Each structure stands twice: as C-alpha cells, then as structure tokens.
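We give structure tokens for two forms of one protein chain below, kept apart as structure 1 and structure 2.
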Structure 1
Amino acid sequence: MASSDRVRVKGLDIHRPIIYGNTAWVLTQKEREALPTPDHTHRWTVAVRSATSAPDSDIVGGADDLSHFIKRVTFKLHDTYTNPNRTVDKPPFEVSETGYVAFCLVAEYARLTARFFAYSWGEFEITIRIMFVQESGEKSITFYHHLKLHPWTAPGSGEPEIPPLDVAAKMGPVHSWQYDEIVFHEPYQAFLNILTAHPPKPLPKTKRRPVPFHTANPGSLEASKGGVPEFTQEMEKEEAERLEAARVQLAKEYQRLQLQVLQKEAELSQVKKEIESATQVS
C-alpha cells in the first residue's frame, strides 16, 4: 500500500486536543493613553492553541505547533471593529485587540439599544473557523467563543457582575478557555502520516497551576485564581468522578421518588375503594 495514495485508513479515528478562548487584561492608565482610541478599557487576545501548556509559559496552552494540520484560522469579531474578519495563516493562531466597556448610566442606556449591547459590555461572540491542510481533504469547522472580559463571579454571591475597573485590574488577567478535541475519522493515509509525525505533547497528569474555570463546574472558581491556568489530565478525571457521582445521586433520587409514587398509588387505590363502597351504600 503506497502511503501517498488517496486511500482512507479504515477503522481508525485520530484526534488532536486543542483549546480555544481568550485572555483579557485591564489597560493601565499609561497603556490607555498610548492607544489611538483612549476610551478603550481592556485588551484581549483570542486564540486557538494546543491544549498542553509549555512549562514556564505565561500563556494558556500552546506547547505544540498546530500548523502541520491547521492551514488557517479566521476570527470574526463584532461588526463595530474595523475589518472584523481577521485571518491568521501562520502560528500563533490568535488575534489581539482592545475593547471598550462602558459603565453605569451609559451602560443602562446602551443596553436598551441592541446594537450597542455588545459594546457597552465589551463582550461579544466571536466566530472561529479552522481550515485544515489540503492533505486532510476535510472541510473547515466553525464554532463560537464568547469573549470574556470581566472576572468570573460565583452566581448568587454578593459581588457585582462587573466590578469597577480598579478592582478588576487588581484581580489580574481574566481567562476563558474551552478544551476540545478535533476528531478526524478514517483519515487519508498521507494525512495520517503527517499527524503521526507530530505527536502532541500529553497533558500534565497533575495540577501544578491554577485550574481554568468553566461554567459547567462552578466549584472550580476558587481553584482558578492566582496565575496562569493550565489544563491537566486531573481535570478530566475530576469531571469523570463528578459525572459518576451525579449518576449515582440521580439513581438514588429516582428510587426515592419511586417509593413515594408507590405509596401514593396504594393510598389512591384505597381511597377509590372507599369511594366505591360509599357510592354503593348511598
């Protein structure tokens, strides 16, 4: 079997772990003055990177170069940005920008008008599209990321959802990253060779840095503070445990409810019998 044939390798799936998301910082006074638009308050970078972080790096992920299978990444920003369609052809696949977040009365007014909604909060949805190298013979994939500028808060806590700028600046950069896996099903042999020539660095087994926060795991808020977060295999195991615990809990809940239903059914049949005897008597 010649390896450069356009033959698909049957019965084989190969995936690559990636992360996508953004990091955001509050601009210092000096940085703000240096900008052409001085009313911008935050700067942020949205990126698609490999899931494993390089040791001692100050970015989340990015230990591997993905350009061997990713040809191009496009980021579609909010329309109010100039040239909202940003295309990146070579690594690092990221876009950095500054943004404007208005507060208080202006925010209130702006919230009423849909167009300024995104601007007033500064956060909006970015459409990300990944195009693969030609050898893959695959179409592009599209997905979305909500740009996160304001620090994560626990729902129902006393803190306001958007803290004032100076408080936010003290809390450090805001990270919002999603782990995912790009799955190639039965790839061409040529593409498979390319992929196997660049094996991804595996995720670290244990946690050495803060855990990236995710809304699906609200309990991880505390663990996400204090530095540049990193994805680990431990996070995967922890989620598996949570899912297992949930399943067991739901099964117990089901049994409890079932007992109640049986009780009530028994009561109901009893009452029905009494009704019958009552209607017969009268």
Structure 2
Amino acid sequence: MASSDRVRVKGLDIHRPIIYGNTAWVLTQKEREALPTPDHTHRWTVAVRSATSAPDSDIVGGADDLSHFIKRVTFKLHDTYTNPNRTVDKPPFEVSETGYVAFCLVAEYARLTARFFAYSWGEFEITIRIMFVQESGEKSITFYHHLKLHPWTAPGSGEPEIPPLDVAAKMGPVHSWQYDEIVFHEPYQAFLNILTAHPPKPLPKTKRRPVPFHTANPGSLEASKGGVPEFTQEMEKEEAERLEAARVQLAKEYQRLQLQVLQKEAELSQVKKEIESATQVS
C-alpha cells in the first residue's frame, strides 16, 4: 500500500446507510414439533443489512453487499442461549434463532382484573457490534436492538400487547428495523477508494410497499401493514422534518425556561434589596 493511501482526506465525510433489526414469525405446530425444543413458539432473524431492498425481495433491505467495509458483526444474545456471542465473518450478517413467547395470564375477581406476565426467551435487548475492514483504520461501533416478537399495536387501541399465538400467526411476520448512517470522518485515502468504488443503491423515492413502523412515528403503524416493508427516500425526508420540528420545539422550550430563570433571578435580586433596606432601617 502506498504511503499516500494511509493519509486521511481532510475535510471530507462519507456515509453509508445501513439498517439493523429483526423479523419474527410464529412457528407452526409441525415446525415446533420438529425442533429439539418443541416449547419454542417463534423463529426470528436479527441482521445488519444495507438499507435498500432488492426488487421483489421477501426481506427488509439487503440489496447491497456490505463486506467491502464491514469485516464482521457480533450479536450478543440473551445469556440463556447456547453461545450467546454470535460472530458472523461474511454476509449475510445475520443470526437466526427460536425462542419462547412471553405470555399473559388474566385473573378476574370481584370485578377487578389482574394481569400476570411470564417471560422466558422472549423479547430482550441484543447488542450488535460492527467491526470494519483493516483498510478503514476505524474502531468498531455498537448498536442496541430490542428483539421484537409480538405484533405492533397502537397506543390506546385496546388491542392486546401479546395476542394468542393463533391470532399472531394470522397477522404475519413482525418487522422491527432501524435506519442509520455510518459516517466516516476524514477516511484514509485507500478506504475512501474502496467506498467510492461501491456506491450504495439509492432508496426508492416514493412508497412501493409498506413502510417500517417505528415507535417515534406512531402514525406509520397502518402504513406498515400488508407485506414486507421497505425504507424510502420519502421516509428519510419525513424523519428529517420530524427532527427539525422537534429541534424547533426544543429551542422554544429552552427560550421559555431561560426567560423563567431571568425572571426568578430578578425576583431574587429584588428580595435581596428589600431585605437589605429593612436591615438598614432596623
């Protein structure tokens, strides 16, 4: 490698869009009986993928091969799994497993309803560590994803958070995916050459399929139904608009609190003056 390749390109940032998350399915009775652990109820796949989906694909994202800049991905599962640290050295960067469902027992007595939840290998947090190729000279980065097994529900809808398995099976796969952009600040020239030689496929401009649901945007729940979701440029724009609206609201709140502090300081100063005047009169 030429010495110039180990020089960082000053003043330049380059980013690569990725998604991380999971898709989960309810196992059929036949599938459960074929497992060494027939009491497992769900199969799920957690993955790191490119953001753009391939045409007519049955998975979320994954149109691009990320191995030109990602060397390996480690998924830290719940400690109750055999070998909870799963390292994947080549694409697809994903892990598939099965697990238990969390279930709810409802007891009614004297018109009072009590709900008791029992959890096992249900939903839990997965630590995702991404390591980059040697040419990057970059440190690894870490994301956290809460494994989602149960169908999304709208707040206040009255729908059960954990529906019976037969109901959940009819609702189809559960998708929980997060879009992010990995920014490489002033990359080495050699790594920049690699990145520019593999430009990411652009996201579709408008909606062609359902869109991924995210709790930060409750209004997207209905739009997420009806098939395999897909990220779009339109979603990216809407997210930017929501962030800008939140920034404006935060700035207004900061100004309100700042004015409140100034008013309190003025009141405190006035009280001090009154105390000093009263002391001198005494």
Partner chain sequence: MAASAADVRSILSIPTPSASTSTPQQKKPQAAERAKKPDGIPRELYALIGPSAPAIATQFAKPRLKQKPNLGSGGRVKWEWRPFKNAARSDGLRLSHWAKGSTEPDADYPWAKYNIQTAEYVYSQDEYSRLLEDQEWTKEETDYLFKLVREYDGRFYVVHDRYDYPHADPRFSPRTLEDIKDRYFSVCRKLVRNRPWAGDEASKNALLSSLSFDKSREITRKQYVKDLETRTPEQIIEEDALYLELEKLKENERRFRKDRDELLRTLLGIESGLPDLPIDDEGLQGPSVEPKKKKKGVASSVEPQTPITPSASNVISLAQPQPPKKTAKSAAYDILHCITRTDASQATKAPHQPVHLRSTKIPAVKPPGATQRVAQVLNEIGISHNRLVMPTAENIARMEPVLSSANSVVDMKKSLDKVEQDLRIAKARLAALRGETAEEGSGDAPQTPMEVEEGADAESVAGDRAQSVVSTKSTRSRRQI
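Counting starts at 1 and follows the sequence of structure 1. Rigid core (definition): largest C-alpha set, two forms, superposition within 1.5 Å. All values derive from a computational prediction rather than experimental measurement.
One chain, two forms displayed separately, with the form predicted alone being the second of them, structure 2.
Rigid-body analysis on C-alpha atoms gives a rotation of 19° for the smaller part relative to the larger between structure 1 and structure 2.
For residue 254, the Cα shift between structure 1 and structure 2 is 10.9 Å when the rigid core is held fixed in the overlay.
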